[in-house]
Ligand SMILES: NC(=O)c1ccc[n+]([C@@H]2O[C@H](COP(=O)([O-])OP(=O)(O)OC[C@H]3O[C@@H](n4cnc5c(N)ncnc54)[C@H](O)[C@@H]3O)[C@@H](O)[C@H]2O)c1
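Have a look below at one chain only, the form predicted alone, in structure tokens format.
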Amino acid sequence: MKPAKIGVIGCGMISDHYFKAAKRFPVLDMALCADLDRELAAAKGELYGVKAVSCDELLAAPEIEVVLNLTPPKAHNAVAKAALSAGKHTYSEKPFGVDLAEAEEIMRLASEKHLAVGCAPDTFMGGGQQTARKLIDDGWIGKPVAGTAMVMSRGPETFAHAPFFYDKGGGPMLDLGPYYITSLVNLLGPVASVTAEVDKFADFRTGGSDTVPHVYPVNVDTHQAGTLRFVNGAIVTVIASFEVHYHGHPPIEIYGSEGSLSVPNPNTFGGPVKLFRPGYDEWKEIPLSHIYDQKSRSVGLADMVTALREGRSFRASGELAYHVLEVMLAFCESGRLGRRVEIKSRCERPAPLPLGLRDGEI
């Protein structure tokens, strides 16, 4: 299969994960990289053997088939539009956008240009999540009826770029929620409605690096708690918070008519996956059924390129990312309105990965 030449825009911390994992997929040729910080792009290019150019040069390069958009969330829209306008397919780091108007603009432009749009996260394609999906699909917990999804911490105060997480496009829901909501859609299908309460409990936080602490404004809700009603009837309680010093909740549990399933952290690719059925004394850890149980960011991009070659749908699609974004934004809307919010969009539940793949295959 002919590899696709990939142009990477955005050479920050997350790009290392993509550059490293992409080497495992023969269908991906990381050809060019660019960043507004030309020195950063040059350093990443030298490290990974990729030619560093300006953003304009990358977009104008005729050999580039797909632009991998690894910029901060507030830049996702502008970079995706530029890539599509230049005739390139685009795949973005999560979230898909910071509001639905931006996301709609990207989907509309892609349709007009007959181009593909993909978006992270692709961790739901990892061995842990795919094993959990197979257990549900094979009926091990019967009909899924309820669940919990908890992503809670005190927040990323110690990060040097902590203010980024407390500005528009950040917060616990848009930063970490994409992993959890995408995992739930993969496991249960699309969401029908959201009912939530949200708040922030301080106007400023003090953080940053240990050597250079600073005070920065909090421009997002830092605690979001709500209930998702899925189209299949399941009801899942979700909490996303930067207000919790410590807790003992598992990342995701799904409760069914015939048993319960403990799903691993959806911000990782591995396990453990645990099953409980009537007659068991305790959870039983289930061996992973699928590959990609290690750091595999780029598997979604590889699936997108392979799908374009084979003329099929790909899993980490724009439609899925748009639906997940609408669900996440509905938490704030529901909290503001004080009522349930119906989710207008629908997406196909992503197809499961085949069994028996070798590393680098999709």
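The first residue of the shown sequence is 1; numbering continues from there. Bear in mind that the values here come from a model prediction, so they are computed numbers and not experimental data.
The discussion below concerns the form predicted together with this ligand, not included here.
Enquirer: Okay, which stretch from 158 to 166, 104 to 112, 251 to 259, 219 to 227 lines this ligand in the model of the complex, with non-hydrogen atoms inside 4.5 Å?
Expert: Answer to the contact question: 158 to 166.
Enquirer: Heavy atom within 4.5 Å of this ligand in the model of the complex: which of 73, 271, 207, 190?
Expert: Of the listed residues, the single hit is 73.
Enquirer: Identify which of 79, 152, 185, 125 has a heavy atom within 4.5 Å of this ligand in the model of the complex; exactly one of them does.
Expert: Comparing distances to this ligand in the model of the complex, the residue within 4.5 Å is 79.
Enquirer: This ligand in the model of the complex: within 4.5 Å of a heavy atom of each of 9, 14 and 297?
Expert: All three within 4.5 Å in the model of the complex.
Enquirer: Determine whether any heavy atom of residue 37 comes within 4.5 Å of a heavy atom of this ligand in the model of the complex, and answer yes or no.
Expert: Yes - in the model of the complex, heavy atoms of residue 37 and this ligand come within 4.5 Å of each other.
Enquirer: Can you work out whether residue 325 and this ligand are in contact in the model of the complex, taking contact to mean some heavy atom pair no more than 4.5 Å apart?
Expert: Answer no; every heavy atom of residue 325 is more than 4.5 Å from this ligand in the model of the complex.
Enquirer: In the model of the complex, does residue 55 have a heavy atom within 4.5 Å of this ligand?
Expert: So residue 55 counts as contacting this ligand.
Enquirer: Just to confirm, residue 94 within 4.5 Å of this ligand in the model of the complex by heavy atoms?
Expert: Although this ligand is absent here, residue 94 would touch it in the model of the complex, with heavy atoms inside 4.5 Å.
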